[in-house]
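Next comes just one chain, in structure tokens: the form predicted alone.
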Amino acid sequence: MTASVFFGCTFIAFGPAIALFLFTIARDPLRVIFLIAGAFFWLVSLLLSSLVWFISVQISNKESAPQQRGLLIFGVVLSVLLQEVFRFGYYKLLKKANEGLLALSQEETMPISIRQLAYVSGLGFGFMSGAFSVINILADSVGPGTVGIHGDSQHYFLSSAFMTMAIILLHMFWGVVFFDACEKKRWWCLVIVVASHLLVSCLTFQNPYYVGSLVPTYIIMFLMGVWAFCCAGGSLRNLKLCLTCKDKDFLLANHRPR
């Protein structure tokens, strides 16, 4: 039973992201490099926020429950803000790197577009965020022990897996919208991205009332997904053409000589 819970929750949390990686990134070495770099940037932001939170806890009154809860909220908000700051820094770095690649390349076009960079870097952020969110939970799911034996929710592992999947996909959508906003200098879009990130992170304080956190998170994920689709140049027309396999540009782009 514990093995089925472990593998089931793992595939729920990382299945869509792994599929996206295998079908859209794995065959392009340049995209793989940018994805790993994006994951590294997220990791550095977590390191800094963890350091600040650890120092804050050490100098605070550990016997005061309200103060410790306040520090937890402060740590979440700080972590989100640092992630978005590092996302912006990564955007600036990628712009410079892309210009350098264009200078070295013999072609007149960039080897990878800014929209592709946004998607790849967002997925890199999501992979690392998801791994740190759920890795300890998956380790506990192997056992020993039974979830809910003392009256707690039996949906802890399943809810955590679905929340992790949402966070990974949200990071991908946030990356696309964030980069598009930076390119077009739509600063109000950046504010919405940061605000939605803060909202989703703060919704986790609703746990163990999982309906109060999962349902709003998936609504936000759907809305951000639609927004990211539009930022990437999508429309109802080309979506219909793609689903019906009538998009000639898509078919030609994915054609491989045999």
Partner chain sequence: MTTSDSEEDSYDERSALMSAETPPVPSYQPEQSDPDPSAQGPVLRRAKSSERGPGPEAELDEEEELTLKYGAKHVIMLFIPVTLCMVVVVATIKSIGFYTEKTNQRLIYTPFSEDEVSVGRRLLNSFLNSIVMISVIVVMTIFLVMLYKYRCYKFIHGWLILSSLMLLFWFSYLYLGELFKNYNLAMDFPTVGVLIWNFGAVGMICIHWKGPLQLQQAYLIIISALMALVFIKYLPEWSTWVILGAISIYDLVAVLSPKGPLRMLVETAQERNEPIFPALIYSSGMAWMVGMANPAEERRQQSDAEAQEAGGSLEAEDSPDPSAGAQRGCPSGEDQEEESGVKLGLGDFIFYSVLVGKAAATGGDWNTTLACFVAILIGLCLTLLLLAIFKKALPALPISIAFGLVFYFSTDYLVQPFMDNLATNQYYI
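Please read these numbers as outputs of a predicted model, since none were measured by experiment. Residue numbers count along the first chain shown, from 1.
Absent from the display: the form predicted together with its partner chain. The rest refers to it.
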Open item on the list: Counting any non-hydrogen atom inside 4.5 Å, which residue from 30, 220, 230, 189 sits next to its partner chain in the model of the complex?
Closed with: 30
- [ ] Decide whether residue 116 counts as a contact residue for its partner chain in the model of the complex under a heavy atom distance cut-off of 4.5 Å.
- [x] no
Task: residue 72, heavy atom within 4.5 angstroms of its partner chain in the model of the complex - done: yes
Task: Partner proximity in the model of the complex: residue 163 to its partner chain, non-hydrogen atom cutoff 4.5 Å - done: yes
Open item on the list: Against its partner chain in the model of the complex, would residue 167 count as a contact residue? Criterion: heavy atoms within 4.5 Å.
Closed with: yes
